[in-house]
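Okay, here we've got a single chain as structure tokens, the form predicted alone, with questions on binding and movement later.
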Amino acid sequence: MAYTVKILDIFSLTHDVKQLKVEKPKGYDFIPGQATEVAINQSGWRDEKRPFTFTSLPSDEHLEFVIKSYRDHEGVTKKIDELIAGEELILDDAWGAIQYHGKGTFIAGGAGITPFISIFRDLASKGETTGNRLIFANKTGKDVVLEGYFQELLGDQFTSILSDEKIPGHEHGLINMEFLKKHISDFSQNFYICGPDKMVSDLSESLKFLGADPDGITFEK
């Protein structure tokens, strides 16, 4: 089913990431971590649907998305980057395999952080963040979405790693086998992975090699 919703508010989180607050259709529901197909309600764009994850809570009176814009080509995210409050989006029903199944380690790469935003907000609202950890990989410090929020929420259970910059307070390098062995002692826990396809595939294989239960690794298939 398609729903036409008005954009209520937009503000920038980083140099290329914006948070969009939009109307919530009556009775619309989702599970933290899920996504929907989104199109722009303008001529020539209505059939250009792209998947975006909800970053709000199911109990909120509005819906929210955190969207990274790729301004180097004339695509949907570049067009969304140009929208203003009052313009409209078209949403489908919610879907997605990334849902919380119990305490564990969350590993995100770049825009792959989005399903974890709603999950951690939901855990925070229930007072259940303890025992969960977030490892967040980006290229540079300016790419780290909601860094302050995650630092405050998780403390030393939040690790930021940068591939292209060395900055105090951040690890440097890639999330590879060596990194996993250094930072994780219990591979029997749940793991949640979201990011570029190759990263998800490589990390899933590395975690299984290190003893993780394949059924305990959650990612979008």
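Don't overthink the numbering: it's just position in the shown sequence, from 1. Keep in mind it's a predicted model, so treat the numbers as computed, not measured.
Here the subject shifts to the form predicted together with a small molecule, a form of this protein not shown in this document.
Looking at 165 to 173, 45 to 53, 23 to 31, 183 to 191, the stretch with residues near the small molecule in the predicted complex, meaning non-hydrogen atoms within 4.5 angstroms, turns out to be 45 to 53.
This chain lacks the partner; the member of 146, 91, 134, 111 within 4.5 angstroms of the small molecule in the predicted complex by a non-hydrogen atom is 111. Of the residues given (66, 154, 161, 39), 66 alone sits with a heavy atom within 4.5 Å of the small molecule in the predicted complex. The putative spot formed by 102, 202 and 209 is not touched by the small molecule in the predicted complex; no residue has a non-hydrogen atom within 4.5 angstroms of it. Taking the partner from elsewhere, residue 70 is found to have a heavy atom lying within 4.5 Å of the small molecule in the predicted complex. The closest non-hydrogen atom of residue 140 lies beyond 4.5 Å of the small molecule in the predicted complex. Within this chain, residue 83 is remote from the site of the small molecule in the predicted complex, having no heavy atom within 4.5 Å.
At the 4.5 Å threshold, heavy atoms of residue 76 reach the small molecule in the predicted complex.
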